[in-house]
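Given as structure tokens, the chain that follows is alone and in the form predicted alone.
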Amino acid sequence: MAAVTEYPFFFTWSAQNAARPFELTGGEGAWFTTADGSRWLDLGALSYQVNAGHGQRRIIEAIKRQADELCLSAPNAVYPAKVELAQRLLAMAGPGFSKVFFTLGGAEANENAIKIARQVTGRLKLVSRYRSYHGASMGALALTGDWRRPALEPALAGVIHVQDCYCDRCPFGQRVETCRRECATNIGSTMTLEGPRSVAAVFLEPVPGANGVLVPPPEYWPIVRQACDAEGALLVADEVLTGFGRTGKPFGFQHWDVVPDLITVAKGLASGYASIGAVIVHERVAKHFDDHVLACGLTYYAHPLACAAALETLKLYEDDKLFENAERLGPILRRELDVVAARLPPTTFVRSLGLLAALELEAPAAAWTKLGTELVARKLSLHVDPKRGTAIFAPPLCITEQELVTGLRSFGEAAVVAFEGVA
């Protein structure tokens, strides 16, 4: 493979001399292959998007058929795949959702959710959390609370960040067994302090994924929903990572008795086989645009090839019962990571929901670098974030129990070697 400096393009989120590229050549199921002939167990779904798995011929053939039938379109054109995809998304979201706005990915979904919220409410301010990731375009990045935001500030005006539902290291100094859910009530308090009825929307990932799989206590979402209702603010569920079975349900918010106003999706929508995202809009919001101009638009809005890929992906999830598989394997993922944690220092935390989990451990950077080396040696691909001290697991939903267990036990051996001597 060529040196990084010889490639005529940038590598993302890294100093170019520190990038570690790899050449993908294909894959099947929970595995991908690289140009050196290696076969990797993909415990991270590449960039969290390959929910359906690698090498899914059904999706590939659907794209080919659509290309033969209709390969070009205009934003306001109508064709069968576009109509059926919107209908399926509305059915998955549940009663009350009536419209879909298509985008090219997750960041654009959140950008357009911002636009919709501001147009409907006539307000400027937006609330999101510090340990969050909503995308890399400037509006979505302003919502983002993690390390990627500060280097590009000032970004979009009017964004207020609040503390997280981080129960293992509570920012309010509480314990989940005895707290008053300050992480949730603080959102309502913040909106009040910002000025009564001045917030357009609250943007939350049901479970912040890339920043540590912070599974909220059961009362969290109902408390936030009540606060939004009291302030007349919209509640936006950012399901870009958690959507389409990742947590064992179609959408993460469905674990709690709450209905958001907007749902943003991407990644698993087409499982990475095409660039597509969407904003799923509740009728109570959508009706505003019956008589008001929707000031949102994209040249490649609902591109036919992307719609065909997404539609076949949703059918595959249903036919192969992949959401059910994620729900079934979730406890096994947690069990195996608990076994790993028992072999590591007592400050190790495990958090999970469905096939989304994190193992967190404060350790020197050298130990996390060693973990990365050990994982490469074992041909295991997952998301390791030394900045957060976490390893995050999000395998394709088609992974088998045997593949999952074998991979996690191999990870456990790598972790024991990497963190040896860490107090």
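Numbers follow the displayed sequence, beginning with 1. Please read all numbers here as calculations on a predicted model, not as lab measurements.
Another form, the form predicted together with a small molecule, is not on view; read the next lines as being about it.
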Worksheet item: Taking the shortest heavy atom distance, is Asn110 within 4.5 Å of the small molecule in the predicted complex?
Response: yes
Discussion item. Can you tell me whether Gly252 touches the small molecule? I mean in the predicted complex, with a 4.5 angstroms heavy atom cut-off.
Written reply: no
Practice prompt. Please check if Gly245 has a heavy atom lying within 4.5 Å of any heavy atom of the small molecule in the predicted complex.
Written response: no
Worksheet item: Within a 4.5 Å heavy atom cut-off, is Val240 in contact with the small molecule in the predicted complex?
Response: yes
Worksheet item: Heavy atom within 4.5 Å of the small molecule in the predicted complex: which of Gly212, Gly105, Gly188, Gly272?
Response: Gly105
Practice prompt. Considering the small molecule in the predicted complex, find the one stretch among 115-123, 71-79, 132-140, 298-306 with heavy atoms no farther than 4.5 Å from it.
Written response: 132-140
